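Coming up, as structure tokens: structure 1 and structure 2, two forms of one and the same protein chain.
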Structure 1
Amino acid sequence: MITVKVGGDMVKKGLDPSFLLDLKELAERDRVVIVHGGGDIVTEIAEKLGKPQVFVKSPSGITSRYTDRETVEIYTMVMSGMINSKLVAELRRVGLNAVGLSGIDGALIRARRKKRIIIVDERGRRRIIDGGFTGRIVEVNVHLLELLIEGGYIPVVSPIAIGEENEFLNVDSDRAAANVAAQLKAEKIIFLTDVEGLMLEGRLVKKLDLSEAESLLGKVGAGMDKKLLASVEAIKGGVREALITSGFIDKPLTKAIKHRVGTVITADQP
């Protein structure tokens, strides 16, 4: 079992034919689940609709979208409507039996709404604000995914969760993918992004164990910080390898699995 996280840049530019062929070959020899992002597209459409987006920074330095009621409705519309449907259509065009799901469908992703969150303001001061409609994932409906996979489908999941009061909740797409991978007991999770992997001081980091990865949390740039955190969470959840690589190269999945490109994160050696 392999979980593939398709980054927002790939969604925005359209899936490359090389990636689609690579995914098709991978699906012929292994079971695959896809989770996608697309936050930049959400931001663009929200602003066109007259709803400027607000981003907040956590004490650990991670930036995230502040999600009020109107924002979560736009987020759901774009992620689970336009983006998810577009990806499913692109996969089906090359013969992949894809089916689109949000975390709402069948309570696929359950989350607990964050009542309060701590942020760091422009002056570096910590503040406690209302949590809005963001959630912390507590459960993945593995049975639903397994039914689809056993039926020959490739699930394509958008990162919307359902809360305890059946409300829509925004959950980070990288961390959603990590939760899906861990609860499915996937062997690998592959994060496809727009850079060649984790970069430090201008150089690609080819391999990290869990302890090394944890020591870098809070020390890498925006965007990569969430992928690193999600990789740590996936490994702690039992996934054997987390791979971060560019989705814009020839055969990105095959090359990542063979450790020919990107950054490989593994559990600590005994």
Structure 2
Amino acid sequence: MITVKVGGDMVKKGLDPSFLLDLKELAERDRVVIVHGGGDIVTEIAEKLGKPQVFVKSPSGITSRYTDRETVEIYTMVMSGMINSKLVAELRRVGLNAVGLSGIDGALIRARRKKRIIIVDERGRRRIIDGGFTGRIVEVNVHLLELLIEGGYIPVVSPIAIGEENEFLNVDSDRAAANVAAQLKAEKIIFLTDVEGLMLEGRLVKKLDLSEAESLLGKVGAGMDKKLLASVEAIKGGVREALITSGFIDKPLTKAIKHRVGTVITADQP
């Protein structure tokens, strides 16, 4: 079992034929689940709809969308209605039996809503505000995914969770992918992004064990930090390997699996 996280940049540019062929070959020899991102597209569409997005900064410097009620509705509409459907259509065009789901469908991703969050406000002071509609993932409906996979489908999952009061929640796609991989007991998770892998001092880090990956948390760029954190969560959840690589190269999945490209994160060696 392999979980593939398709980054927002890949979605935006349209999936490359080389990636689609690679995915098709992978799906012939292994079971695959796809989780996608697309936060930038949500921001663009929200602005076109007259709802400019508000971003807030956490004390450790992570900038995130502030997801109020209207925003979570636009988020769900774009992630599920547009991005997910587009991806499913692209996969089906090359003969992949893709089925699109959000975390709402069959309560695929359950999360607990964050009631309050700490931000650093415009005066540079830390302040607690209402958490809006974001959440921490607590459960993945593995049974539903297994039913689909056994039925010959490739599930394509958008990062929307369902809350305790059946509300829509914005969840981070990297961490959604990590949760899906861990709970499905996937062997590998592959994060396809727009950079070669984890870069340190201008050089690609080819291999990390869990302790090394954890020690780097908070020390790399914000986008990569989320991938690193998601990799750590996946490995701790039992996934054997987390691979971070560019989705814009020829055969990114095959090359990542063979450790020819990207960053490989594994459990600590005994």
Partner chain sequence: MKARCPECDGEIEVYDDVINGEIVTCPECGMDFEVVIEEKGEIKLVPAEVEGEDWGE
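Throughout, residue numbering runs from 1 along the sequence of structure 1. Fair warning: this is a prediction, and the values are worked out from it, not measured in the lab. Only the largest set of C-alpha atoms that superpose within 1.5 Å between the two forms is called the rigid core.
- Remark: the form predicted together with its partner chain is the source of structure 2; structure 1 originates elsewhere.
- A movement of the C-alpha atom of residue 215 falling short of 2 angstroms is seen between the two structures when the two forms are aligned on their rigid core.
- Relative to the superposed rigid core, residue 57 undergoes a CA displacement of at least 2 Å between the two structures.
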